[in-house]
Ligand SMILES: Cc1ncc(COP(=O)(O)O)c(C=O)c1O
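Let's start with one chain on its own, the form predicted alone, as structure tokens.
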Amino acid sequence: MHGLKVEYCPQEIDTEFQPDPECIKEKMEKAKAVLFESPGNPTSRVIREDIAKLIVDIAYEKKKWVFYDQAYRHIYYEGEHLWIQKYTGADEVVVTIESFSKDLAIPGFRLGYMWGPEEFIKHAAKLKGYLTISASNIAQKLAIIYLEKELKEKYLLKVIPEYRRRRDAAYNALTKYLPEARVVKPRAGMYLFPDVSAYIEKMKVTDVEFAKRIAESKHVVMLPGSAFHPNSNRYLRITFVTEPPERIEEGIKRIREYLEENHVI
């Protein structure tokens, strides 16, 4: 709407998808705002505290906006969520974006909210009214029940151990059946984002074609990395929270079968 140009700081598997602090300093010289998330999608990366603090410090000094997307803030298997709102000046420059899609597991309802400096939220509410009016009543009533009856804590106590079990199954199957893939075991989030360039290059196909062929021949569906950014065309996004461990392992085993049938392994 405002003709802004998006600038990126690369996030690669070699640094466990952490953005380069020097790149952040350079880009923020001219930037109007910074958008980042933790835990991430598709990488499940948890932002390093020194990097997050750097972003807030520069934003506060130079009066830039920081949009912090923390939709996966409760989906942790090791460690704790980083609340950047604690840093000096954050109350003046940080706008926090939240969602019920992950901890309540209602992604289809698209129910979320934001909080931050009063003046910003006042204008954001105006814009929201022009764009989509409001979230559905059913979704809002569901969220009220969820919060008032303290169901969030009960739900998370039940699902986090299961998500962890499924994460471990996915990671172990990947390292077992696809040894040339490079993968980071996430501390949070819902996804593995393996670098499968070793196999893609041998087949001489794009990541999109690679994912398409496996979906068609083995009925295993993954998102190609380039769906998120053109420079991520070496990766695949694998969601591990929606299937039990045995089906996760079976899916990754089928990927190996496809590679063997095509003489890649």
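A residue's number is simply how far along the shown sequence it sits, counting from 1. Bear in mind that the values here come from a model prediction, so they are computed numbers and not experimental data.
One more form of this protein should be noted, the form predicted together with this ligand, which is absent from this view; the next part is about it.
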property	result
Of A90, A71, A188, A170, the one that lies within 4.5 Å of this ligand in the model of the complex (heavy atoms)	A71
Contact residue in the model of the complex, chosen from K158, R110, K141, K122 - any heavy atom within 4.5 Å of this ligand	R110
Candidate stretches 133 to 141, 98 to 106, 179 to 187, 79 to 87 - the one whose heavy atoms come within 4.5 Å of this ligand in the model of the complex	98 to 106
Distance check, D57 to this ligand in the model of the complex, heavy atom within 4.5 Å	no
This ligand contact in the model of the complex: S197, any heavy atom under 4.5 Å	no
N41: touches this ligand in the model of the complex, heavy atom cutoff 4.5 angstroms	yes
